[in-house]
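First, one chain by itself: the form predicted alone, in structure tokens.
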């Protein structure tokens, strides 16, 4: 048996429509708080969309867990509207996407310097900035996008806005681990699938569409770096699943959607990973303490207990509307809540 604080997930995609209802109910079952991403089909780029999306989610949530909202940062926002929404606690953080980096990001930035006026506002009002850390150029290798982002966009941002609180999300490389360790006012989230998978498991024997995500899963050397820093309990690294549901028909086709839907089994997978590596003493740091500390949040320290079930029969698909959602799981055994 293992007991931990009820975890927080600081990177969740709930989507819209029927998917929203199912994804949110799964998050309610496993987490005490979540940070919800804004890249909808019509992204959260004004207060009207923000309020509408909040109302949809809270009508299902009914205060069962604490939900923090993000806005999609681009030139459609006025700086005044951002400040007003933040002061009224309508959102918690701003999310920045490079153009065409991932799902529903076609209105992201092409040149990060074009958003300079927004960074002044975020820094002034201590609004956290969450980054999808990839530099997008179609002449470059997709496996190099994160490294290039650190060298180009993030280095510029850190130089000109040193007091801006930054989360480098879903990191995938040793380069990102080293960068975060060496800089102030920046932390990083790590997903379940980037911890547990690498290019060999993704496409070594056969291509697995269910593991296709952005940023793309990296090689074993990068994976080892992520695993070591997560297991260490380092204060600047914490859990953010980037759990991203898609319908099966969109995952298994000629143009596979990017996203790994990991919510249902994330905590079990993380517990098993830390247990196998004899680092369960650092589970609370990775799953609860570090993320909440980074964002300056209080959280419930009431423990919940898990027991291990050998050779558990995992649910690979769940019905959603007239299609299915594909669940990600890595290990054969399951840690079930008692």
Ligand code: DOR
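Bear in mind the structure is a predicted one, so any value in this text is a computation, not a measurement. Positions refer to the first chain, counted from 1.
Below, we turn to the form predicted in complex with the ligand, even though it does not appear here.
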Query raised in the report: Check 8, 26 and 263: does every one of them have a heavy atom within 4.5 Å of the ligand in the predicted complex?
Result: no
**Report entry** Listed residue (214, 147, 234, 174) with a non-hydrogen atom within 4.5 angstroms of the ligand in the predicted complex
**Finding:** 214
Query raised in the report: So which of 102, 198, 74, 189 reaches within 4.5 angstroms of the ligand in the predicted complex, heavy atom to heavy atom?
Result: 102
Query raised in the report: Counting only heavy atoms and a 4.5 Å cutoff, which of 149-157, 238-246, 264-272, 82-90 contacts the ligand in the predicted complex?
Result: 238-246
Requested in this report: Tell me, yes or no, whether residue 39 is in contact with the ligand in the predicted complex, where a contact means a heavy atom of each within 4.5 Å.
Outcome: yes
Query raised in the report: Wondering, does residue 108 line up within 4.5 Å of the ligand in the predicted complex on heavy atoms?
Result: no
Query raised in the report: Does residue 258 make contact with the ligand in the predicted complex, using a 4.5 Å heavy atom cut-off?
Result: yes
Requested in this report: Report yes if any heavy atom of residue 13 sits within 4.5 Å of a heavy atom of the ligand in the predicted complex; otherwise report no.
Outcome: yes
Query raised in the report: For the stretch 132-149, which residues lie within 4.5 Å of the ligand in the predicted complex by non-hydrogen atom distance?
Result: 132
